[in-house]
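What follows is a single chain, given as structure tokens, in the form predicted on its own.
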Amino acid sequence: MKIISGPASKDLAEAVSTLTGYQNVPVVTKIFPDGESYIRIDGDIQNEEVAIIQTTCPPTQDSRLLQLAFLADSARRAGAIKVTAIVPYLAYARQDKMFLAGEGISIETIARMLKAVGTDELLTVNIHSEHSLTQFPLPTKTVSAIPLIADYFIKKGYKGAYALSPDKGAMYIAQQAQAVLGGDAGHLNKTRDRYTGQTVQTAECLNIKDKNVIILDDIISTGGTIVGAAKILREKGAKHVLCGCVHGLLIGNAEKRILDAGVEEIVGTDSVPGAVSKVSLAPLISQTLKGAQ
């Protein structure tokens, strides 16, 4: 197998190449004056299995999706016998249902596009809804980076910390962290207004006084849920409040809002490169690729 470095995930691809021993095939890319992308795979992949590593996170998710499609098509034209798309953050995965007449289902469109350009299988990380993957006409798999995030906090001295999910539906995330941290786990109760989208959180029977608490979630977008959770935890006497997420989108001033609410550190992965990307997905992706060989 050879690793193809998508332009959005060069560092991650290089790290996976180092850990697996698979050759890293560079990609030449540029943007034309009219804004269109140019992609060229700069290496021999004839009769090779290849894994394209390309995240599709904001703010340029549409361009990154097209680059991924161009890479898959180019790999096929260059003679690759199998193309695996490794997409740490899969854009449009949360748009997997129709609510109003006239809507499409965006993730189905993405799925058909990737299939059409020659993608044989897809690997992603902590997809928000696994239902999205059922709409792909090719084999798919999602793996969890939560244990890696929990291990980061242990190395920071928070072994035994309380793993908290912002709502009951994501309790499985807190439980994955709990298995590594070794402390307790629980969740807040959350209700969402169907019209405004606003959420209300409560914490009945949550005993976190004088405890270190790590709020864990798969995605942080605007940060509203984390801000609300942090305020509740502070009111209930938590000793330290921290936050871990796989995909730290942190739209607008989300990072500042979360820190201002009393969260002492935000930890994300390099599925979304940025200031909070303190955990690399390279070990997880490498282990998955090696296990598939």
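It should be emphasised that the depicted structure is a prediction, and the values quoted were computed from it without experimental measurement. The numbering used is simple: start at 1 and walk along the sequence shown.
The same protein also exists as the form predicted together with a small molecule; that form is not shown, yet it is the one meant from here on.
None of Ile105, Ile219, Met113, Leu148 but one reaches within 4.5 angstroms of the small molecule in the predicted complex through a heavy atom, and that residue is Ile219. Of the residues given (Lys141, Lys82, Lys211, Arg94), Arg94 alone sits with a heavy atom within 4.5 Å of the small molecule in the predicted complex. Taking the partner from elsewhere, every residue among His128, Lys190 and Thr225 has a non-hydrogen atom within 4.5 angstroms of the small molecule in the predicted complex. Of the stretches 130-138, 175-183, 211-219, 67-75, only 211-219 has residues with a heavy atom within 4.5 Å of the small molecule in the predicted complex. At the 4.5 Å threshold, heavy atoms of Asp120 stay clear of the small molecule in the predicted complex, well away from it.
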